[in-house]
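Shown next as structure tokens: one chain only, the form predicted alone.
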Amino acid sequence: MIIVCPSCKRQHKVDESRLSDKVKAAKCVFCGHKFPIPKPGDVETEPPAVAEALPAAEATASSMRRIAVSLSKGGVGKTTTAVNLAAGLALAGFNVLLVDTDTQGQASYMLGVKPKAGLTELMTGELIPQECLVKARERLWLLAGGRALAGVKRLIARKDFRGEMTLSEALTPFEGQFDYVVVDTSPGWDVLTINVLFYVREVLIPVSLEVMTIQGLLEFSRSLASVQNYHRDLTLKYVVPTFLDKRVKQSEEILQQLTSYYNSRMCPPIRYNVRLSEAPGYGKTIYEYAPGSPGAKDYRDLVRRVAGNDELLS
């Protein structure tokens, strides 16, 4: 059932089967107001529309592209890439949903927003889908991550059946609402990362040009192949070299090796640029903080590559 906080008018989805007779009151997660739980007959079954929560449905479920930005090693620029790819696609005129599945919740910080709800509330059913979104920029929506996702991982791990589809089922209400869904994953390999790979159809791997990252890439590729045995539509689509520094000879050598191996899946490299590390401190994307910087140029090139249109953002 849906209950509405009488103080802030926010809607909350409540599973009646989980309520005992002793529970008489609820506390709003948004404003902290405590109020009596109304009887089922007094509750609206159809929640009112949430203004500006979702874009008009122009895409279809089949045309909506789902892209995971993933690698099991940390420190390779995953969140930087996910945020600036999503923001760049939104600037290019697409409706984009950015999903942060990391317990660190850094996507919110980088965009300068402080969501009171996000992916955890969506996956647990605590709130209705529209209440879990935050509009971070024009045409860019965010499902925030955070520490509470650790509890979601435990819930998934305890499932006996279809645990790998938990995220896909939670995101079903957004089918056809967006042109792109960009999913930022956490370092490592856990049940939530597996859920992401069962949801998306395309994988973009950021690879910092270091020896240890190449080792991580090989391990991740093997794990990815094991998921592809069950999810035939999943494709390694893009490999994005990051932190390219032409002053370092090893970087050039590793770049050449990656190019010879991945060939058409290689994207133009993201050069090392101090502006990319400064922008999150101001809650801005690279296009807002330093639009003329090499970092902004490189991510605009990546947006064009992913969208398949060289005329975008020109």
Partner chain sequence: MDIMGALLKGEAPKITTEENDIIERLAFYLRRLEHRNAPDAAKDPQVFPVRPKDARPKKKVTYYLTKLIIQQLEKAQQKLAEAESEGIKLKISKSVIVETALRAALQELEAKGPRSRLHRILRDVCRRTKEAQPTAMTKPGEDVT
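Numbering follows the first chain given and starts at 1. Keep in mind the model is a prediction, meaning the values are calculated, not measured.
Not on display, but discussed next: the form predicted in complex with its partner chain.
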query	finding
4.5 Å heavy atom contact, residue 217 and its partner chain in the model of the complex	yes
Heavy atom of residue 195 within 4.5 Å of its partner chain in the model of the complex	yes
Close approach of residue 164 to its partner chain in the model of the complex, 4.5 Å, heavy atom	yes
Contact flag, residue 261 vs its partner chain in the model of the complex, heavy atom cut 4.5 Å	yes
Answer option from 97, 191, 91, 244, heavy atom within 4.5 Å of its partner chain in the model of the complex	191
Contacting member of 28, 267, 254, 67, with respect to its partner chain in the model of the complex [4.5 Å, heavy atom]	254
Candidate stretches 73 to 81, 172 to 180, 206 to 214, 140 to 148, one within 4.5 Å of its partner chain in the model of the complex by heavy atom	206 to 214
